[in-house]
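Okay, here we've got a single chain as structure tokens, the form predicted alone, with questions on binding and movement later.
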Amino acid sequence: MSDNVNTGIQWRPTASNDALIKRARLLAQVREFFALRRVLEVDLPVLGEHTVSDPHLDSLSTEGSQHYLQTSPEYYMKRLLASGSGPIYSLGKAFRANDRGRQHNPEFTLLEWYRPGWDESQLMAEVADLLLDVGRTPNAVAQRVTYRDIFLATVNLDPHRASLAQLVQLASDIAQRNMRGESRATCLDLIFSFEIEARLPPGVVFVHDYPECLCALAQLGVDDQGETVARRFEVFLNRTELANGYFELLDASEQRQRFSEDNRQRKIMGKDNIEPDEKLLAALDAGLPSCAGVALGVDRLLMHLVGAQHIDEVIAFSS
């Protein structure tokens, strides 16, 4: 070993060896779970010509080219599904710019899977099975609640029927700044993140039937009160967002319209325009099978399993 060791350089892993052993065990358990259910693991590019247009996500791009580190493998997976892959999952790295904090790292591990022929209710049941299997704890017994019911119980507003003015006022009170001019979706997201999420019940909670303006890549449906809702769900584990799932949109023209609306919102927010992924749209045109899909943050799940307070404790090296 050299005598000229610079002890000021932090070169050691941020996670303990014990945490890394538990991480390896978790990845093996996930793969075993899907192998037993005959879901095929697929290995997909992390660098692509296109990226998501979601105005609330920022992609990392390569210098000197128009390639992006993928925020998720979704577009590639849907192209596989349209070509007849059957049920598939991906367990690998994803990337998001400007994501650094207690539960965020710009590079993270994402588990994403799709079930042709299933709806979002069936997929919620499988997510609960996975959490029970890897957690080995009865706390994984899940509760389901609609977006409307949790909003009404927490802030006494119906998120589908409240006026934009009501949502702007509540969001402004919570954020302690004027939210006038913000969209309905932005106000709902802020209210949920800062007022509702921390007051969810403990354990595993599935929130489903989102407002239409938060549909993202989900199909629309009608709930038991006749309200148009997004057939989307989010999974929370001890009040921390863990996964996001959809009964997937199949219509290419509707998808193109949503890309356009995303870019309209991006322009308002001062963000770059994102060109639509024409290969994804061509796959939808060719025929994406009816399916449900979900993406789950592996690092956040591991934080819960080992009792970590910061994501750095469960990844070998932070970005």
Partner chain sequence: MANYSTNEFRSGLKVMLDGDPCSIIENEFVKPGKGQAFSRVRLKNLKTGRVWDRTFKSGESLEGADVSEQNMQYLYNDGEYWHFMEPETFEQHQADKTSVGDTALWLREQDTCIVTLYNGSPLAVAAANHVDLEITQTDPGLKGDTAQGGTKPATLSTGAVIKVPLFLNEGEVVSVDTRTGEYLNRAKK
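Positions refer to the first chain, counted from 1. Values in this document were obtained by computation on a predicted structure and should not be read as measured data.
A second form of this protein, the form predicted in complex with the partner chain, is not displayed here; the remarks below concern that form.
Contact annotation for the candidate site: D189, E241 and Y246 all lie close to the partner chain in the model of the complex (heavy atom within 4.5 Å). For the candidate set D285, E254, D54, E41, a heavy atom within 4.5 Å of the partner chain in the model of the complex is found for exactly one residue, namely D54. Only one of Q225, N98, S163, N156 comes within 4.5 Å of the partner chain in the model of the complex through a heavy atom, and that residue is N98. In the model of the complex, the partner chain sits beyond 4.5 Å of every heavy atom of Q122. With a 4.5 Å cutoff on heavy atoms, E212 does not count as touching the partner chain in the model of the complex; it lies far away. By the criterion of a heavy atom within 4.5 Å, R199 is excluded from the residues contacting the partner chain in the model of the complex. In the model of the complex, no heavy atom of L132 sits within 4.5 Å of the partner chain.
In summary, the region of this chain contacting the partner chain in the model of the complex, judged by heavy atoms within 4.5 Å and restricted to 148-156, 100-108, 81-89, 123-131, corresponds to 100-108. Taking the partner chain as positioned in the model of the complex, the residues of 176-206 that bring a heavy atom within 4.5 Å of it are, in sequence order, Q176, R177, E182, T186, D189, L190, S193, F194.
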